[in-house]
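In the form predicted alone, a lone chain appears below as structure tokens.
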């Protein structure tokens, strides 16, 4: 009898505790992990993206947050190194216990970190890392039919599609007969160069040569002289920002003047490129994924708010990617309706279909890829210290300046 009474008391207490526990609403911040290069050679990119994440977070929280709870980003610095990126991802998952992670800048780091997220079944929304294999399940020992087992999603286009907008300009306006391709020997550089080689061959442009270099090199003159000997009409370069600036400065010093210098996005659209290359940056073209003058709701406002808060020349597409990722995260969390388990957040990512300042976001499957957002790309040109959108022409905010009088542009 005593045992029966004791059990009734214990069960009653448990029910009362359960009632009050269920009635208690969580009020603390919802923490989401963000992986970025905050120190090291890629820190300029990380700084722009972190600023953009914070700008979006403040706006989200001011508007009421996620069901009345603040959104909080937990940042981990990958320093631009794959092994550090893996460790940072492991910390976010096992120590910080975040249910979802976003960010991911360099391709090599992002792919390494994605493997950790995949192993732990934690959704990873990539906003910049662009090598194609990041959203190819076969590179994670899965198939394209294994969407329910694949936890990697990507907001930005893959590197193989970066030059799609550029192809139109080359085919319709420039019509170069030859090109020399120079790229850094990272995953991003190698894959980007290979993708453009295919574009050139499709357009009937002779590839005079394709050479790689180690990121962080200080003397590009031997490579530039090798390119100069082949007399290409166009130079195509895949580089991060400091290498991009140094390449153009040394091309100017060598008085190397092909008809056109074109960058593959990355370092060639950053304000730091102009700051470090000086006159040598002027009239350089680049593929890009975004521009603030595009007819996308909120794009101009984001750009202006960034400048008002952080100063400088404002963000390029890297910042827009980060801001958009933050808004996608907020949308996913709101639709999750309090269930912030990794499995439910993955389900919400699958159902994402929204407009952001970066453009539309909807994860789809094509080719070998799944959970991949598909977007247009564009072409910009540095003109008198400003990055102008020049292609496609129906969206341009400036005329494409071509042919280019390099002697006049580069004059002291």
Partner chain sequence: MDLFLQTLVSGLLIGGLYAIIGIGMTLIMGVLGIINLAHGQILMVAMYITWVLWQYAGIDPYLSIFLTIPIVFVFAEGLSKYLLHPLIEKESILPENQVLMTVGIGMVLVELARAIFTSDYRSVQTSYTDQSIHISNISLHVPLVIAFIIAIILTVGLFWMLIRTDLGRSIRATAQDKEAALLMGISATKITILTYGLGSALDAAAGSLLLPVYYLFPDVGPIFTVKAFVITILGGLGSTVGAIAGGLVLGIAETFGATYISMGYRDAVGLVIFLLVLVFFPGGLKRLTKI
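Positions refer to the first chain, counted from 1. Nothing here was measured: the structure is a model prediction, and the numbers come from that model.
There is also a form predicted in complex with the partner chain; it is not shown, and the following applies to it.
By the criterion of a heavy atom within 4.5 Å, residue 340 is excluded from the residues contacting the partner chain in the model of the complex. At least one heavy atom of residue 38 is located within 4.5 Å of the partner chain in the model of the complex. The partner chain in the model of the complex is not approached by residue 78, whose heavy atoms all lie more than 4.5 angstroms from it. Remark: residue 143 does not count among the residues lining the partner chain in the model of the complex, judged by a heavy atom distance of 4.5 Å or less. When the partner chain is considered in the model of the complex, only one residue from 133, 249, 149, 334 comes within 4.5 Å through any heavy atom, namely 249. Contact with the partner chain in the model of the complex, judged by any heavy atom within 4.5 Å, is made by just one of 87, 108, 185, 120: 185. Contact with the partner chain in the model of the complex, judged as any non-hydrogen atom within 4.5 angstroms, is confined among 284-292, 206-214, 155-163, 121-129 to 206-214. Each of 44, 218 and 243 is positioned with at least one heavy atom within 4.5 Å of the partner chain in the model of the complex.
Along 66-105, no residue reaches a heavy atom to within 4.5 Å of the partner chain in the model of the complex.
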